[in-house]
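Quick heads-up: it's one chain on its own, the form predicted on its own, in structure tokens.
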């Protein structure tokens, strides 16, 4: 859209579109360079999908790991990220993440962020998922943005179009609906798109990922792809759309009743997965993105995480993905004194379930899983445990579309790149809507981690 003859209603050095974690980090970093920032959030509060997350961030070599006796390194983190993405992710973006991750961790701590524990999760060769409470985290980041004195946050402000003088010209502003009225906003230095994905846009999901139609949807209310479409309209390239996957571990009733923390990952504590036939069907230590695809191929796209009291004893009070006791108290987790009784609760065949557990335990004793090759709790890390001690538990699970993990093409400087491989001047992107970082699958904690790291890069570069 041309900006000639446009009368601007307001201006700022940097415009940030989206009030999730990436947008808030971009705003803070831009403000810290001295820039005046306006952040537009289409809903009435900040948070986006970030505030619904499990609150895990992937960092390596931190003081929290060292205190727990966990040895980790930049090289190990890089290898794990590339392995999780099956090397279909952009190596330059992964290198940027690794190069900035320790500084990002220290920056968050200086802002007052408190990490409560380090967890082993999907794609990790060692425990490195740094846990926090996502609601408190996002509230703190919003306050830190306001504390700069240079960030103006505007709610009920839906950006609709990017403004520039003509094809190839610099992006210089946005058209937005603010409180139901159209407004033209000028960006003197740059625009950062951090508007999230498109899991709530059925048309886009059906266009790019019709195989995910069976997923439950659990993401930010504003994730309808508007940021992707605005950049797409200017010729932005797209990355990783072929790799869109849901997230395994969501209860099939996700979102039907009030509450949070619908996703649980007892598989990374030693549980096994069975389908409605009470049979294992996958290596449970794989990335939960791959587990998400696998469950969609099972009858009714449903599985059960089966575990015993030994696994229940590893329940965490701080990491939502591992709050098994809380799930039990909320009535989302079945419990029974014996496997036969558990089968009756779930509707599974008791004889088959008993045989499946016994066969798996035999593999654990023998040191080799002849059926699916499982060698550890996650990515080969962690010793497998026999499931022998009642009471027994079952968590019904399916795949949830919490994020699309794909989007517009960006380079290591977070500049949006067009279909011909050239930067679109003045336009940056970060967070979920930036593609290329994850590749085929996903390493737990790298989504919030990339929001912080690339949000900071985008904010700084847009301002300078």
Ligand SMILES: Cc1cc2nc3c(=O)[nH]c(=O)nc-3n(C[C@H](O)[C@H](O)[C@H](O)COP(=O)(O)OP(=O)(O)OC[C@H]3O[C@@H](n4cnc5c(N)ncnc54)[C@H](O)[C@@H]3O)c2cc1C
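For clarity, every value in this text was computed on a predicted model and none was experimentally measured. Positions refer to the first chain, counted from 1.
Beyond what is shown, the protein has a form predicted together with the ligand; the following relates to that form.
Interface membership of residue 56, defined by any non-hydrogen atom within 4.5 Å of the ligand in the model of the complex, is confirmed. Among heavy atoms of residue 194, some come within 4.5 Å of the ligand in the model of the complex. In the model of the complex, the ligand stays beyond 4.5 Å of every heavy atom belonging to residue 29.
Using a 4.5 angstroms threshold between heavy atoms, residue 436 stays clear of the ligand in the model of the complex. For the marked spot (52, 218 and 222), a heavy atom within 4.5 Å of the ligand in the model of the complex is present in each of the three residues.
The stretch in contact with the ligand in the model of the complex, judged by heavy atoms within 4.5 Å, is 151 to 159, chosen from 380 to 388, 151 to 159, 266 to 274, 295 to 303.
This chain lacks the partner; the member of 369, 142, 308, 226 within 4.5 angstroms of the ligand in the model of the complex by a non-hydrogen atom is 226. This chain is displayed alone, yet in the model of the complex one of 60, 424, 408, 402 has a heavy atom within 4.5 Å of the ligand; that residue is 402.
Along 37 to 54, these residues reach a heavy atom to within 4.5 Å of the ligand in the model of the complex: 40, 41, 42, 43, 47, 48, 49, 50, 52, 53, 54.
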